[in-house]
Ligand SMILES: NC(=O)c1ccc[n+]([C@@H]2O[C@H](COP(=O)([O-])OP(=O)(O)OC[C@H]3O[C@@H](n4cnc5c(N)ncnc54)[C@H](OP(=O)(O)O)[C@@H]3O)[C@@H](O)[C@H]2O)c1
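As C-alpha cells, one chain now follows by itself in the form predicted alone.
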Amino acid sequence: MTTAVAVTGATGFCGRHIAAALLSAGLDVATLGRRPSEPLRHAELDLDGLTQAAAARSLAALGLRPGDAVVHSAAAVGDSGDRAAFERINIGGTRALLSACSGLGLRFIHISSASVYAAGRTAQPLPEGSPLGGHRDPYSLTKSVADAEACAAGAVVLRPRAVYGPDDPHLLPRLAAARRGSLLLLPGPSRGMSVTHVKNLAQAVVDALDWPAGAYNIADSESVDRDAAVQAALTALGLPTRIVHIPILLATATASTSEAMSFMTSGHPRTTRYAVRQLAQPVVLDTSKARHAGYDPEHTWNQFVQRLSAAGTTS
C-alpha cells in the first residue's frame, strides 16, 4: 500500500493542487524539482539533462520504499519553443525518471494530456485506445512520446484536457488577452468539448494510486459548449465578450504566419496552430474507464464561473 508520494512540478498550477490533495488524503508527500515547495521535504531534480542515476539519487534522498509512488506533473509546456528543449525535458527527463522508479520498485503516475491524441479523430466520446501522435507542435509531439513510453513501462497515465481552476495561469488569461476590444475571434463554429477542473485532476491522482497500469481520460462530468463556456467565464471576469467565428483554414494560416514571424524575431507568436487545433476540434473524452475505477468528478465549469462572478462582485 502506498504511504509516501513524491510529486514533480509541485510548484506549478497542477502540481500544487495534486500535492494538496495527496496531503488531504493523509499521505506522506515530498517534492522533486528545481525549487522546494515549503514545508514539504524536497530533493533537487532537474528534468533537463536528467540521467537515470541522478534521478535514482534524488529518489533515494527522499527515503522512498518499494510500493511508494512518484507523480510526474512537471513538463515543458507551451504552444511553441525550442523543440530540442521540449525533447530533453518531456521525453528524456520522463524516461530517466521512469527507469529510476522501475529500478526502485516505485509506482509511477504520469500526468499526460489529451493533446496526445492524433488530429482528425472522429470517435466521440474519445476512448483511450484512440491513435496518438502525428503532431508538429513540440508540446503535443513530446508529450505523446512520453505518454507512450510511460504506458509501455507499466505506469498509470492520466490524460486531462483543458485544465482550469483557481489561479489558472493559462486558459482564461490567454483567452482574455486574445480579445480585441470586446471581440474574440475563434476558429470555426462552437463545439462540444471536455474540460478538466484542476481539483478533479488532483482527486484522480489520489484515486489512481490504486488503479491498474494504463491510460485514463480525466475530465469533468459534463462537456461544455465552447462559445457559451468562454463567454460566461470572461463575463464573470468583467470582460463581456462577443465571439466572432472565422474559417479554420484562415485561422490556421494566420497562426502559421505568426509562428514564422516569432521565429525570425525570437519572440512569442500571438497565436499558434496548436491553439487553433485545441479550439476548433470537437474533443469529448470518454471517461468511463476512470469512472469504473472509482473516479467521480465533483467540480464543474458552471460552479467555477459562479465563483469567479461572486469574487468579482465582492472585490
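From 1 onward, residues are counted along the sequence shown. For clarity, every value in this text was computed on a predicted model and none was experimentally measured.
Keep in mind that the form predicted together with this ligand is not shown, yet the notes after this line are about it.
Checked against this ligand in the predicted bound form, the candidates Ala255, Leu47, Ala290, Ala30 yield a single residue with a heavy atom inside 4.5 Å, and that residue is Leu47. Only one of the listed residues (Ala232, Val77, Leu184, Ala96) places a non-hydrogen atom within 4.5 angstroms of this ligand in the predicted bound form, and that residue is Val77. Residues of just one listed stretch (184-192, 69-77, 146-154, 233-241) have heavy atoms within 4.5 Å of this ligand in the predicted bound form: 69-77. Using a 4.5 angstroms threshold between heavy atoms, Thr11 counts as touching this ligand in the predicted bound form. Interface membership of Arg83, defined by any non-hydrogen atom within 4.5 Å of this ligand in the predicted bound form, is ruled out. At least one heavy atom of Ser113 is located within 4.5 Å of this ligand in the predicted bound form. Among residues of the shown chain, His170 is one whose heavy atoms approach this ligand to within 4.5 Å in the predicted bound form.
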